[in-house]
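Only one chain is given next, in structure tokens, and it is the form predicted on its own.
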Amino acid sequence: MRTRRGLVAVMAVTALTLTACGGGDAEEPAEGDTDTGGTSEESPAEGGDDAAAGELPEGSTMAELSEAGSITIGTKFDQPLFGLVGPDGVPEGFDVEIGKLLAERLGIEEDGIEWVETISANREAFIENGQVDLVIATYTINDDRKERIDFAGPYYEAGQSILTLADNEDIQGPDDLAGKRVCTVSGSTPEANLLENFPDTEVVPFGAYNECLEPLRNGQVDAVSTDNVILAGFAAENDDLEVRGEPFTKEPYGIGLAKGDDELRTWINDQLEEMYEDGSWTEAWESTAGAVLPTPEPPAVDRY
């Protein structure tokens, strides 16, 4: 991971003190004000520094990110509702909003977030190589991935489903995929599930899900299969596409981070639970994916 040591910017500390939960040593500035013999150790500014240090352990990834005032987050750039690059070139969606909320709780402004496109095939490598600090990218938690990285969350549970042309009613569920050509993304959980559990299906892998749409329209493939929320976004934007049947897997979405960084994983899990309680998770959902999908109950985080 990149070196993030440096002086703590006053504004970053101030923002962190205001947003951190628990309040820290909120009464210390008042005592300094009333003590006519007070020293600089009791000044409001230094009291704020102490409170921030109490929230973020010295030397932790969280403290380093906060001190730097910047964070690099990997996300998808091609998935409506969760991670899609908007007209201004900045990604938008539910995953993006979760990233913004975490950055805010570190005292990092939105312009301090560097968004990096991650696809299914490179997410673990980007984390391992330090190219990103976090990956929030419709990232299913599974045991194979946990051998290389760690996960916080889950913060949402999706399920694999099927997308076809609206006028193709031959495919209504996974039992209808035998003998069909199904597009998905190389290195994804849906690809692995199709290969393992649907051997009579011809799996056609691409690099990104939006690359499956034109082959679907021109008849190169019969269906697209990935998580229902991703497919719902495509269907919402394209009248000629339709999601078929109910989800047939459970896909808990987690936040990927460097393996062994237990402090960071615990901190993110704490923040997610606070988001559930204070309504910011619901607000993030309803401002993005909630335009198409009903608001679900947030899943319990897995503190493995």
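So that there is no doubt, residue numbering starts at 1 and follows the sequence shown. Values in this document were obtained by computation on a predicted structure and should not be read as measured data.
One more form of this protein, predicted in complex with glutamic acid (GLU), exists but is not displayed; see below.
*Would you check, heavy atoms only and a 4.5 Å threshold, whether Phe82 touches glutamic acid (GLU) in the model of the complex?*
No.
*Please run the contact check for Phe94 against glutamic acid (GLU) in the model of the complex: heavy atoms, 4.5 angstroms, yes or no?*
Taking the distances in the model of the complex, the answer for Phe94 is no, it never comes within 4.5 Å of glutamic acid (GLU).
_Check Asp222 for me: does it contact glutamic acid (GLU) in the model of the complex (non-hydrogen atoms, 4.5 angstroms)?_
Close contact is absent here: in the model of the complex, Asp222 is far from glutamic acid (GLU), nothing within 4.5 Å, heavy atoms only.
*asked:* My question is simply whether Cys212 lines the interface with glutamic acid (GLU) in the model of the complex - judged by any non-hydrogen atom within 4.5 Å.
replied: Contact check for Cys212: no, nothing within 4.5 Å of glutamic acid (GLU) in the model of the complex.
*Heavy atom within 4.5 Å of glutamic acid (GLU) in the model of the complex - the one residue of Ile71, Leu106, Leu216, Ala137 that qualifies*: Selected residue: Ala137.
*asked:* Going by heavy atom distances of 4.5 angstroms or less, which of Gly233, Pro174, Gly153, Pro190 would be at the interface with glutamic acid (GLU) in the model of the complex?
replied: Comparing distances to glutamic acid (GLU) in the model of the complex, the residue within 4.5 Å is Pro190.
*Determine which one of 182-190, 195-203, 84-92, 107-115 lies within 4.5 Å of glutamic acid (GLU) in the model of the complex, judging by heavy atom distances; exactly one does.*
Single hit among the candidates: 182-190.
*Looking at glutamic acid (GLU) in the model of the complex, which residues in 226-258 have at least one heavy atom within 4.5 Å of it?*
Stretch hits, in order: Thr226, Asp227, Ile230, Glu251, Tyr253.
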